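Structure 1 and structure 2 below are the same protein chain in two forms, each given by itself as structure tokens.
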Structure 1
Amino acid sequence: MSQRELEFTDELGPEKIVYIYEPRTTLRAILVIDNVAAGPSIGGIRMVEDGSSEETFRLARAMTLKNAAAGLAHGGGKSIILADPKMAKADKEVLIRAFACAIADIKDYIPGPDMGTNEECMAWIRDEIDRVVGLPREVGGIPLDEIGATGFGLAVACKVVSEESGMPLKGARVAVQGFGAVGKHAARFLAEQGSLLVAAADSSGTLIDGRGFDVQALIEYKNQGKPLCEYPHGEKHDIDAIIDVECDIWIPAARPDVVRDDNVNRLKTRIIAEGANIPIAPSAEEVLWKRGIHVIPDFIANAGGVICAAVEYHHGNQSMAMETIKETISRNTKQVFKASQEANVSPRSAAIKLATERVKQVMTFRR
């Protein structure tokens, strides 16, 4: 750790920052292991051209809190491979395999997929070392994006808040920003409980129909690789219009920082379930809380993916994963909702306190 990086350190971590350079393959990577009190850290491998130790640390810390909140016997870590994720597959395989070899002896880090890496990359890692999550079904994985693990967890979180706040899910109007692995399954599981998908956005624009879409038909259409703005039904608007849609549940499931101080007051919703990581700036979240809009923070609401990965790592199956997601996210959302109301603090503050206390508690078991 360099002098500057020591500034990241606090009561939880980070425990290790490792820089990896392998001249033959030109692999350059950063690995941060934040906290391993509960067990070996789990966290994805992101492949991006630019990334810093600070960014890797922030992502690793988010995993520490997410894994602790989910009650997993795993700490938090994260790695960034500094490379173009769109490179030729053969070149990507060389880099991923080199990365796997480089971390072979760093046993307190279990890698998984993240932006720029997928289950096939995890299978290459599995071929080199014995610790990895997010594998293809053929080699014992539970394909979490295919089954919609994260979207399922978001729907569970929405159900809890709808019950606690007296707003039935049946008939609730839902708007989803980002209609990919997370967003479309969240819409599907909410529709199964009688909610109406009134708007969805992808990188082509926003599609709106106040009467509600046939979610299954929209998913099938999207699975053909077609853009939402060419769908034959509904009104087409620009990409930003999803923020203005009047709804009961708004789900950001695309990118970080989409809601900020300059656009937060355009949101007209009652509940927000954060599918993406850090989709709302902290100051904008405070504004929403003061307006009485209930935000379910990312590391509580979108933990379905990592819970599924942990069940896979411990040789569980798909139905065990879904059951664990339901139980864990339902319990945590209830607890955060209650703590936020009782202490009169934002749900994020309540959730951070809850997760930090859990990490500190397991730290007392360690030397």
Structure 2
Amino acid sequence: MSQRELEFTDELGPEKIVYIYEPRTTLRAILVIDNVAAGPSIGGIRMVEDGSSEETFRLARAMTLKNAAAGLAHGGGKSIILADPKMAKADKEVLIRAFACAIADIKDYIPGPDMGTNEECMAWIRDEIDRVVGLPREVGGIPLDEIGATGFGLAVACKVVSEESGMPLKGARVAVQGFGAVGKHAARFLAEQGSLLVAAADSSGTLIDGRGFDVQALIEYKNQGKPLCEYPHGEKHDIDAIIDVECDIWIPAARPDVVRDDNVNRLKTRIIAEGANIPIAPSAEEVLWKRGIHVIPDFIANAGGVICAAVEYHHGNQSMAMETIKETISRNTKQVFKASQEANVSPRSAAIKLATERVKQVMTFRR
């Protein structure tokens, strides 16, 4: 383990770090199992070309905290396959199956879908090792991306904070950075409560319309694989413009560290619901908290996907999953913001304390 990697170790983990290289398929991947005190780790497989061990460590820890905060009988883990997620389907299947075979004997890691992978990829893994969550409906899974489990949880968290802060969701202006599997469903569920999607961004750029978009029409357009900046309505801007959009709810649902010390003061919003994992640098979150902006931490707000996955793993159904998401995220969001106010600390500090205490308590039950 390098000196840099040692900086990410502490009393909670990581439990295991695995570097994978398979010459025949050129598979390169990183797997971090952070903590398994509560049970086998659950965490998605991310496919990106520029992932790193540091990013994998941080994402795995976020999963430990997320699963603990949600009260799941699972620890946290994460894997990154270093490849282009837009490669040909046949080539992608080769890599995913090779990855599944590489982790076949690592029984304390249960993979699921993440950025760059989906339910079909999980079906390939099931065919190889039969230890996976986020499967297609056709093979008995609860397709969390299809039903929008994570986006639903974000909307639940936003509703709690809107009620606590006195800002109604009806008429609230929403901006989504990363209009994909998470972001588009968050926009949909918020629109059902009367909110207006005024801006959305993907890798092609930012689309803005202060009057609000027809969310369902925009989702249908996006589902065709078309870039937002070719949509026939709205103003077109570069990718970074989404940070400057004035709104009531801002949802980062793309890559880590999109908000940092050098751009945090450009945000003009009242609530931030973190749809991606680790999308805002900790120091930037402190700045936002001191400005009076309500930031709902990632492992509290975006736990809908892993809650759904855990329900699936334990043979539950879709209705059970959605009810569990609503109950768990609503309760945890209220608890975190109450603790934040009482201790006069940021919501993230309060959330980390809550989740860490749960992990440590579970660890006392283990040898």
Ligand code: NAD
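Structure 1 provides the reference sequence; residues are numbered from 1 along it. In this text, the rigid core denotes the largest set of C-alpha atoms whose superposition between the two forms falls within 1.5 Å. All values reported here derive from a predicted model rather than from experimental measurement.
Looking at both structures, it is structure 2 that matches the form predicted on its own.
Annotated hinge between structure 1 and structure 2: 353, selected from 203, 102, 353, 116 as the site between the two rigid parts. Here the chain moves as two rigid blocks between structure 1 and structure 2; the smaller block's rotation against the larger, from C-alpha superpositions, is 13°. Look at residue 97: with the core superposed, its C-alpha moves 4.7 Å between structure 1 and structure 2. Comparing between structure 1 and structure 2 on a rigid core frame, one finds that residue 16 has its C-alpha moved by 3.7 Å.
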